[in-house]
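Included below are structure tokens for two forms of one protein chain, each presented in isolation as structure 1 and structure 2.
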Structure 1
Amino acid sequence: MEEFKHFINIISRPKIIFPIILTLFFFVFPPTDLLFNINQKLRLHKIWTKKGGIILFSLFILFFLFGLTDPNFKLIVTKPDNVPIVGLIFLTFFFLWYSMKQAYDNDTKIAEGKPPKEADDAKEKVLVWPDLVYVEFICLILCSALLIVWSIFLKAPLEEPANPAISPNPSKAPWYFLGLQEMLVYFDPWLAGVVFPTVIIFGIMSIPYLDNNPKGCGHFSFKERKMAVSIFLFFWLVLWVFLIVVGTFLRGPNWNFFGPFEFWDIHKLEPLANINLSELVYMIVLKQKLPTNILLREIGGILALIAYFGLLPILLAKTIFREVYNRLGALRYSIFMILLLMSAGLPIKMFLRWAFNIKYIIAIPEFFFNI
């Protein structure tokens, strides 16, 4: 069991588990026809939306129960602040499985020439009173009872009055801000606190306007709305839920990474050798000092961003996003790619930091401009 715990601690390192999560995400929720066809051939949707999903959920519960036998794991997940995040993980998994099961079931029915399940439900007349009000009243009673039991058996995480001379280690924001706090590790505050949250919010709001496919409206469907569903889940699962989980369970003292079964040692020090892209190019690759001219010094990062936002959308429009470009048109495709690439820039920058210790792509501290 100790070898198994050690293995879990190793793969829990973000630079290992993050590429695994991204790879699985784009194969399970394919946004393009190419990935969707691969998904269909491998029958991944058949595996996890049927009995496979129930098996995975059961294994996840068994893993959690096994983890409670470890004192370090138990100390983290049973902390009053972290209990809601444990519930968030289980609820996210269940409702994601349930909704995608409905979507794939409807896709199968439509392919067979049958109406979706929602069409059958629409024939049944449901009255606000007493049907809807009755159900809502029962839910109100159950939720109130749950909160009462919760407040009795789970101690509120109240501590002593704030002392400016003593800071908690680690000092964490409330769970709903942990995603933002994690972003601040990789980006300047103007990007992590303003730009990225704005892009995520407006990106989610713009999905119905960018992907206005009339098919798949009014019922659960993935085949007809795969791009919209995949982008929404990318914003929600990867750019928000994942960052909250990382900030809650993997960030320990001194903001170091710890595995689920690893003791949170306050004396653990990981040497940070973060360097800017310009320093990597000039000082390590070319083995010379940095130029004094800002433009010459940061020309590598500037060209990288120009290629990322300028050339990559054109390349994608000619290849895997050809169908998307033809359906959206030039204007909506441009807006779609700007939002998508800005959002994808977050996990890309995170992985560059974890794998290659890249701090900034463009570093101009003279004008407080760092990307």
Structure 2
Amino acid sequence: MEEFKHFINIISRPKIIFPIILTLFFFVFPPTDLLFNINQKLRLHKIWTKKGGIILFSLFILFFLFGLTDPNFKLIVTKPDNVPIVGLIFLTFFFLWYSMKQAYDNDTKIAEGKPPKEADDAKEKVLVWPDLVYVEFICLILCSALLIVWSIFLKAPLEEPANPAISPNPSKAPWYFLGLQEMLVYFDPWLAGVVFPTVIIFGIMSIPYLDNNPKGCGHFSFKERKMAVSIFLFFWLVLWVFLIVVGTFLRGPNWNFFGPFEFWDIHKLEPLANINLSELVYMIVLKQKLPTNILLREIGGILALIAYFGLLPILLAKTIFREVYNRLGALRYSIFMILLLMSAGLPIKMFLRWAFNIKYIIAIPEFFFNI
């Protein structure tokens, strides 16, 4: 058992788990036809059947119960304020399965030339009283019961009185902002805390205007809108829920990373040897001093950024995104690409950090402008 725990501790390091999830993700939620065919060949779509769901859930619960036997795991998972996040994980997975199951069932029906399940149901009209009112009433009662039971058995936490002189270690933002706090590891606050949240909000708002595929409106479906679903789920599951889970359960003192079965040791030291791109270019590759002119010093990073946002979209539009470009048109495509590339910036920066210890791509601390 100790070996198993050790194994889990090791693979759950962001460096290892994140690339694994990243690769797996696009096979489980394939955005393109090619990946979709591979998905079918590997029979990954079987996850979204009753059997697949039950097996997956059992494994999940088993892991959780097993975890509870470990004191370190138990300590963190049962912290009162973390309980909702455990609930969130289970609920997210349940509803993910539930929607994907209905989506795949509908896909099968549509492939056979039949209308989706919802259309069959919709033929019949029912009265709101009693058909809807009683459904709502039951939901409401169940929800109240849950809330009352939860409140009786779990006391709301209250820590020591506020003391501006002693900061707890780690100090964490409320859990729904932990995705942002996790970004702070890779980006400066002006990006992680201000620019990205703003872009995220406007990005989500713009979904209906960017996704101009009329198919799949008003019923669950996947095949007709693979790309849209895949991208949305990527943000929602990987960059939001997953980062929250990491931030809540796996980030300990000094924001160091700890495996789920690892003791939160305050003295754990992580070597910090991060360097900027400019230093890498001038001092390590070219073996000379950094130029004093800021523009000259950062020229590498600036060019990289211009290429990333300026050239890459054009290149993609001519190759793998040709269809997307044709469907969206120039304006929608540009906005879509800016949003997509900005958000891809997070995984890219993570990767650069882990592989090359890159701290900043452009570092102009003189103007607090670091990327």
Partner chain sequence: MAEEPKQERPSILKQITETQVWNAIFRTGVPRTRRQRMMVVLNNVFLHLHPVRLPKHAVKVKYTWCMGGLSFFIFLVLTVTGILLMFYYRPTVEYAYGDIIDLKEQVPLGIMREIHRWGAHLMVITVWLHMFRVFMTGSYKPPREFNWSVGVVLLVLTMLLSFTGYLLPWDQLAIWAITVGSNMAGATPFFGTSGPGSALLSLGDVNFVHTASDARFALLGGRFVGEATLLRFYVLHCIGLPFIIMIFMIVHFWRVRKDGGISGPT
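Just so we're on the same page, residue numbers count up from 1 along structure 1's sequence. C-alpha atoms forming the largest set that superposes within 1.5 Å between two forms make up the rigid core. Owing to the predicted nature of the structure, the values given are computational and were not obtained by experimental measurement.
S.K.: Which of these two chains, shown alone, is the form predicted on its own?
M.R.: It is the first structure that is the form predicted on its own.
S.K.: Aligned on the rigid core, do the two forms place the Cα of W354 2 Å or more apart, comparing between structures 1 and 2?
M.R.: W354 C-alpha, core-superposed: shift of 2 Å or more.
S.K.: After a rigid core superposition, would you say the CA of W48 moves by 2 angstroms or more between structures 1 and 2, or not?
M.R.: Yes, the C-alpha position differs by at least 2 Å between structures 1 and 2.
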